[in-house]
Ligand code: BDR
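One chain follows as structure tokens, the form predicted alone.
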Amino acid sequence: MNKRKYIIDTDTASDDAVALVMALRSDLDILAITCTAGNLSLAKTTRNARLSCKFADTYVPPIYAGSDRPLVKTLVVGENVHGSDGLGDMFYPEPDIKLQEGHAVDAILEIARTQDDVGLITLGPLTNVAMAILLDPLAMRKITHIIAMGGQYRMTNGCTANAEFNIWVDGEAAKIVLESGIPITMVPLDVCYGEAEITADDRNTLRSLKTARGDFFVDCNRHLLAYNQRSYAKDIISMPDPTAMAVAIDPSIVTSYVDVYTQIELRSSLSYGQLIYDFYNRHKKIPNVRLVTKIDAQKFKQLVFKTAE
């Protein structure tokens, strides 16, 4: 049986790091890791992607640096959430893994042009993917599908009242991707929070494994834990990117979804980056997003624990 092939595009901070380790220890075939600015500056996201490969301790796909800013906006990073190094201010030693020469967008396009049956998993702002679509839309139509961590449809979050961080950082890029014709599965915050959050008991389980990965999963997210305790009085680590990765690794984790035509608001200063879902198909448009509405949270956590062993 052939492994499912993916490119991972990431703005590697603490939860992205867990997602990368999960991917590299799964039966997915990761052809490349492409980095963008988002949670952190590009220099930090590329460093953290290399560190994640070190902790995965399996194989190292080619890792590329990509966009260092959004298409239009000024970059706003999330160091207040993930720490100044993006990994809980653990300041891990410099990894002995090198970046590949060349730009991430060129790497995405080269793979799209030369290989079949390749999907994309996006864990950050969609800048690299949008640039690839703008440069060669025909090649990008060969991408079989995109699994994207992004958006929300009921809840608010710490970015704005209306927009999730990955989409808000580069709404113009999100619009290009939404209108590209590439099938998109969106994993929104609604299914990444609640039962999928990593509790104190879950952290104890990870510690009890007595592995470098189990400790890494907890330690690199310690700033995120403190942020959630301080901001929301919740003793949890939220894991949006690992949730999206779990959907790619084991699609049976998805227990409910809806196919829906989705647009993005870019003009309003109050609602920039908000995804608008036409649940009742009032626009009579073909759905462009498969919106995940429920997951098996326990199956997700078991996958996290298994990865950490």
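The numbering used is simple: start at 1 and walk along the sequence shown. In this text, all values refer to a predicted model and were calculated from it rather than measured experimentally.
This protein has a second form, the form predicted together with the ligand, left out of what is shown; the following refers to that one.
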(request) Pick the stretch from 107-115, 202-210, 178-186, 162-170 whose residues have a heavy atom within 4.5 Å of the ligand in the predicted bound form. (result) 162-170
(request) Report whether all of T36, P70 and A174 sit within 4.5 Å of the ligand in the predicted bound form, measuring from non-hydrogen atoms. (result) no
(message) Which residue, L120, M149, I237, L87, is the contact with the ligand in the predicted bound form, using a 4.5 Å heavy atom cutoff?
(response) M149
(request) Scan 76-94 and note down the residues that get a heavy atom within 4.5 Å of the ligand in the predicted bound form; none is a fine answer too. (result) H82
